[in-house]
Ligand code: DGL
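What follows is one chain in structure tokens, specifically the form predicted alone.
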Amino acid sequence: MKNNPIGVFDSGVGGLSIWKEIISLLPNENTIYLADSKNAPYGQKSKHEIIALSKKNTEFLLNKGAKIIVVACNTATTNAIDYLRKNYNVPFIGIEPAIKPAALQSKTNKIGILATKGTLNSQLFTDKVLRFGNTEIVEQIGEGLVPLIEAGQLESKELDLLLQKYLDNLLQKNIDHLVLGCSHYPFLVPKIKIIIGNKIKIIDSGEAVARQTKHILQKNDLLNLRKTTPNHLLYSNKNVSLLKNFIPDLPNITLKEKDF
């Protein structure tokens, strides 16, 4: 089992921001990444639909021998991870908006969160917000951003205008921290920094998820200690070539397009 891969899934290319942190922290581990781009974005779907898609993704990765599964999608985590943990006998790592560190570090007691509708409307997110009653959490739905990222339109005028609009709404609230509540959004950080400047700290969950993955692997005696070159299989059910725009140029990465 130790040599089996870490499974990672997302509604598309966004989870590659998490996957990159994992392979950086755990250089011996084999991985399988699943981009369900055909069904992106998850943020506009019902809880029932999100659970069904998460089941399908989980079973795909388990059939490929995954020893642990990282749900690298905020919407899938907040809506489906409890179901997955109850119904599958494998460790799951979720990704949630990093509200806690932002709230603890905030000087203005006002933090912004840019996320999908599915994440912001979930019960898990609501429960998390209630724990920080002294901090005002300004929510902003990033409607339209995920489809543009999925289409590889990172430099499009449409994306720039949407991002400017959403960040302007948050800036007007005197926030001092911006939480990125979708795994797609770290790919927008260079653009976000241009708009918000250096006074507002950007927080995402990538490094924390990688550390938690390592912790759970150690706890379950599943760490791969072999000093061999790992293999990384990246699957997409839409345009697999798009993945190349979001990954490092490594010789041990194989891209596969598969209808699932």
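Numbering starts at 1 and runs along the sequence shown. These figures come from a predicted structure and were not determined experimentally.
Absent from the display: the form predicted together with the named molecule. The rest refers to it.
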Seminar exercise, completed: Of Val146, Ile81, Ile141, Leu163, the only residue with a heavy atom within 4.5 Å of the named molecule in the predicted complex is Val146
Exercise. Can you say which of 181-189, 86-94, 125-133, 167-175 gets within 4.5 Å of the named molecule in the predicted complex, counting heavy atoms only?
Worked result: 181-189
For this session: At a 4.5 angstroms cut-off on non-hydrogen atoms, which residues of 1-27 are near the named molecule in the predicted complex? List them in order.
Result: Asp10, Ser11
